[in-house]
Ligand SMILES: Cc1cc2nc3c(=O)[nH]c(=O)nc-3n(C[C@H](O)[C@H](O)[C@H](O)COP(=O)(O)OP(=O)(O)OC[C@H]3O[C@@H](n4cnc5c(N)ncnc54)[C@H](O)[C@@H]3O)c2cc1C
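Single chain ahead, written as structure tokens, the form predicted alone.
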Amino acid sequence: MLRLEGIKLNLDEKQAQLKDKAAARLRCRPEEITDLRILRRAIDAREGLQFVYTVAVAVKNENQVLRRCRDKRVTVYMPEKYRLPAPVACDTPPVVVGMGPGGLFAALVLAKCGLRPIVLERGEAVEQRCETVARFWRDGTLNTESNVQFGEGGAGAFSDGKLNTGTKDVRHRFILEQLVSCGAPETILYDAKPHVGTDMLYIALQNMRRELLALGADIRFGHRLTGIDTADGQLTSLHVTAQGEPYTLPCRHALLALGHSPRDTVEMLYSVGVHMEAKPFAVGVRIEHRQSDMDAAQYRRYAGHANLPVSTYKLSCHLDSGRSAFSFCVCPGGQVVAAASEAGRVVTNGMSEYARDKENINGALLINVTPADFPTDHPLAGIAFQRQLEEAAYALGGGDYRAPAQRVEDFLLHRPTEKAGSVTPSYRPGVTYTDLHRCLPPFVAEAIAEALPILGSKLRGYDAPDAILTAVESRSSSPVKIPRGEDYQCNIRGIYPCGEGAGYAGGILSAAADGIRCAEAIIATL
């Protein structure tokens, strides 16, 4: 096949016209193209709005066409395909702790290679988890074992389901194809900014669970890791609690895909000697705008065109204070969600469904935090820092999981907000209008105030007076890193720290790929 880059369609042209445009590029007749696959689709806004495609085509007399074409944008298409490790056997099955993207794809690779892993997840299956989360959003009834952070699918199950990453890895295509086979939309295979949406992830997670069970995996919901046993620096067993009852699970290979929020588990692992380091992360607020305003700012006269997706953004700036401010986890047509996992603390996150058809767009506005900002040099000092922020937000919100919120104009003037303007906050179970300076550390509040007009100069309307800030966004990434060697094991042999919670990933796709790498490492030892 041949790879063709830079084929453009205007907003009113149909994808069916790609074949004619590919034929023109190749200087052949359309009927000579026997197959066409879209490899990538992006939007180019530099000279009017256009869709830009990269495609792969099969054509009759390929060598002759390639010689005649003489176009640098046409090359031979040679896709690299991920190949599973060879099957292995093991008397004691490996254990995967956590069913976020890292744990799910690690378990899938282990199961496909014949190892029948045991999968421990402290939260619920996604069907029950959705009901539990909906109840929390409705009336503030928090389940500390199953919530937006814990349960099948991990924190990504209640997000926008973005699958973009800044790295290249042959495993990425395998991950995307697996998600599509489980019900995710095919567009994730070629969109430059792919997303699944929480509603489509709900379907894909159930189908992926069925595949794992069919491959022999032992999935245990409501089972929480509470301790480990070792002998001569080697893992020998895990302590697990299920429905209040403890049991011991023999284990020599445990893949820890914990995610960024199981603080009790991290504290337990630290107490038994797992090496950890404090790492930089970021904290801040969620900022909400009307989606139509952001569309108008970016698409201009094309805003509202039926063939255009809703707009998103990616912003950053360096501040005179030496800090950095940046957008993160932007959710077009979505909502700000309550994401607490511990009682008495308020945490925000963002979520979109696949259609992205809600009134508002929201994104985290974050300020970088380093271990130098913590009062001590303890490896878990970042967790204490997060908890302080979340407790302050809980108190300022009224003590019932409502979140403190403020209009941008009022925030910049240090003036408490009394009511919303043109932007209605989407956070449930509700917000308390106040002054966010009362719950944010001064260096965070000052950096946000410095950043807002700078980012507003990059994206018109970003610092609009009525934009809503909701606090606090504290779980952008793990504040702890668990060092591991080239064999992917930490200082205790047999423990494989994985994904975002261990400090080795920053999103669904990268966490899933890291889970696969750790599974490969386990297979290699066997």
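Start at 1 with the first residue shown and count on from there. The structure displayed is predicted, hence computed values, not measured ones.
A second form of this protein, the form predicted in complex with the named molecule, is not displayed here; the remarks below concern that form.
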| item | value |
| --- | --- |
| Segment assignment from 287-295, 98-106, 229-237, 72-80: heavy atom within 4.5 Å of the named molecule in the predicted bound form | 98-106 |
| Answer option from A155, M200, L452, V310, heavy atom within 4.5 Å of the named molecule in the predicted bound form | A155 |
| Listed residue (R345, H172, R224, R402) with a non-hydrogen atom within 4.5 angstroms of the named molecule in the predicted bound form | R224 |
| 4.5 Å heavy atom contact, S159 to the named molecule in the predicted bound form | yes |
| The named molecule contact at Q149 in the predicted bound form, heavy atom, 4.5 Å | yes |
| V133, heavy atom within 4.5 angstroms of the named molecule in the predicted bound form | no |
| Close approach of T265 to the named molecule in the predicted bound form, 4.5 Å, heavy atom | yes |
| Contact set, 118-141 vs the named molecule in the predicted bound form - heavy atom within 4.5 angstroms | L120, E121, R122, G123 |
